[in-house]
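Only one chain comes next, encoded as structure tokens, the form predicted on its own.
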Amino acid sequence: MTVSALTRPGERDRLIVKLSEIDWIFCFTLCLIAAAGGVMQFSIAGSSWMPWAAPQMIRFVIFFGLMIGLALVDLRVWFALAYPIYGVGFLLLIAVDLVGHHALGAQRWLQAGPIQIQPSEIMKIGLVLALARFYHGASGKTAQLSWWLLWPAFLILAPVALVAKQPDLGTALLILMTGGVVMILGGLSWKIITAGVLGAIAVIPPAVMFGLHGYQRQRLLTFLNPDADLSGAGYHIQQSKIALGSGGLLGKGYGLGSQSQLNFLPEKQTDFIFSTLAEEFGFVGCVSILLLYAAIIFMALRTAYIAHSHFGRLAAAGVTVTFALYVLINGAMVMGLAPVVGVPMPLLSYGGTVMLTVMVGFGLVLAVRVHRYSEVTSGKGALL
């Protein structure tokens, strides 16, 4: 299919043309990461499909189909739904604060019978869409430095405050960083960026002293001095480091990781799945997975680059930033380079909520690629 043919509206609306425009190498790479996750879930369950591997793979197949379906949705539909999706996510966050389900010392979910919803995951996509829509209709001067920037600042800080209150500091920081990067990509003035960085540095000490919960402060202190309480607060990261280091170059072998198989490693199927991978497949296995993640990030950023609309560029870039932050934060956490904040490794860790967020986000990225020639108009006004 030539570029000239794709620029003809009638031609690019055909289903077969849309399917041909999907980046199937990108999709195959996602499948490789998810398969690696299933393999590790199978291993740490004692070579059993239950309780983790089978549900994980079934969810991935379902969400993969959803991703392909979302890739066929016209970019103008995504644009029209940007603020409504954000609004629904924000209302659900308020509902969590009022009637949310308590579990593990936190109030992060809404429950309807057997179904649990974590609205903060919806907000990750909603925020990217809302910011992309705002900047699509904003002039260069408005995006760089103007009073209109209070609107995207509110879009970011309001859900951050609600998520931090749950409490879920890891997700709140991820939403904050994603929103900040999208604002920078939108053309934010370096004066504001510099002032923001300096302000963040200045507010960290009082925030740590007075703004964090006791267990959050303890996590930070453990990060700074993990050897202070190896049998208590420092246990998680100590066992993770043992698993990482004991894998060596090629690992101990599939199903032979003592830290995970003997249950020394906590949360081995979720937060510390990367440590399990390191123990069984060593440095080579870790680098291989990280290269797959890097390939996903590169291909998604390339999609953002070739998009013709500013909305498409920022939406694809925002989703990619969220995904990259997942990988960066979890990788740093299991190596002891960041506090333990409960951010999973996407597609590798067990869990349906994060997987759904990632696959819906990549459905948006693929939609940007498939409909990169769509003319997205914002109408009049900066907020449209």
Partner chain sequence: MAEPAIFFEEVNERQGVFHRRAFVLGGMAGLGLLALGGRLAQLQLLETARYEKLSASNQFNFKLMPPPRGLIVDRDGVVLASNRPNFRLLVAREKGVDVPGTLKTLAEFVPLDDKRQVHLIRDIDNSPRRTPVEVMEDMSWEQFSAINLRAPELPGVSADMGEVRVYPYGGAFAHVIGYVAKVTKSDITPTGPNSEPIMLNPGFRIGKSGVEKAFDLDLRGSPGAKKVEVDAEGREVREDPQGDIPAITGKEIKLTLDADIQLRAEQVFGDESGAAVMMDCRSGDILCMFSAPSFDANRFVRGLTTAEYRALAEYDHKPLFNKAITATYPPGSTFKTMVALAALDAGYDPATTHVCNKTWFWGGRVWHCDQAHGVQDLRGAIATSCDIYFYQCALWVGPDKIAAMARKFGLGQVFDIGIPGQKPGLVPDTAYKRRTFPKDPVWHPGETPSMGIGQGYTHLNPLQLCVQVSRIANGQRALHPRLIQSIGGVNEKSGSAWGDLDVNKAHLQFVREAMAAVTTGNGTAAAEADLGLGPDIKMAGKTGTAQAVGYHGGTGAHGAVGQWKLRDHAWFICFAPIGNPRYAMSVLVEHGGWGASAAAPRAREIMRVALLKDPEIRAQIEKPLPLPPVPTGPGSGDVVPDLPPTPVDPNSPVGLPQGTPT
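A quick note: this is a predicted structure, and the numbers were derived from the prediction, not measured. Numbering follows the first chain given and starts at 1.
Another form, the form predicted together with its partner chain, is not on view; read the next lines as being about it.
Student: Against its partner chain in the model of the complex, would Ala35 count as a contact residue? Criterion: heavy atoms within 4.5 Å.
Tutor: Contact with its partner chain, no.
Student: Residue-level question: is Gly282 within 4.5 Å of its partner chain in the model of the complex, judged on heavy atoms?
Tutor: Because a heavy atom of Gly282 falls inside 4.5 Å of its partner chain in the model of the complex, the answer is yes.
Student: Using a 4.5 angstroms cut-off on non-hydrogen atoms, would Trp147 count as touching its partner chain in the model of the complex?
Tutor: Contact check for Trp147: no, nothing within 4.5 Å of its partner chain in the model of the complex.
Student: How about Thr171 - does it come within 4.5 Å of its partner chain in the model of the complex, if we only consider non-hydrogen atoms?
Tutor: Because no heavy atom of Thr171 falls inside 4.5 Å of its partner chain in the model of the complex, the answer is no.
Student: Given that its partner chain is left out here, which of Leu66, Ala332, Ile58, Cys27 has a heavy atom within 4.5 Å of it in the model of the complex?
Tutor: Here the answer is residue option Ala332.
Student: Of Leu91, Ala207, Ala200, Ile297, which residue is found within 4.5 angstroms of its partner chain in the model of the complex when only non-hydrogen atoms are counted?
Tutor: Going through each option in turn, the one that passes is Ile297.
Student: Go through 72-80, 121-129, 308-316, 153-161 and give me the stretch that gets within 4.5 Å of its partner chain in the model of the complex, heavy atoms only.
Tutor: Careful reading of the contacts points to 308-316.
Student: In the model of the complex, do His136, Ser139 and Leu249 all reach within 4.5 Å of its partner chain through at least one heavy atom apiece?
Tutor: All three within 4.5 Å in the model of the complex.
Student: If you look in the model of the complex, which residues in 327-362 sit within 4.5 Å of its partner chain (heavy atoms)?
Tutor: The stretch touches the partner through Val327, Leu328, Gly331, Ala332, Met335, Gly336, Leu337.
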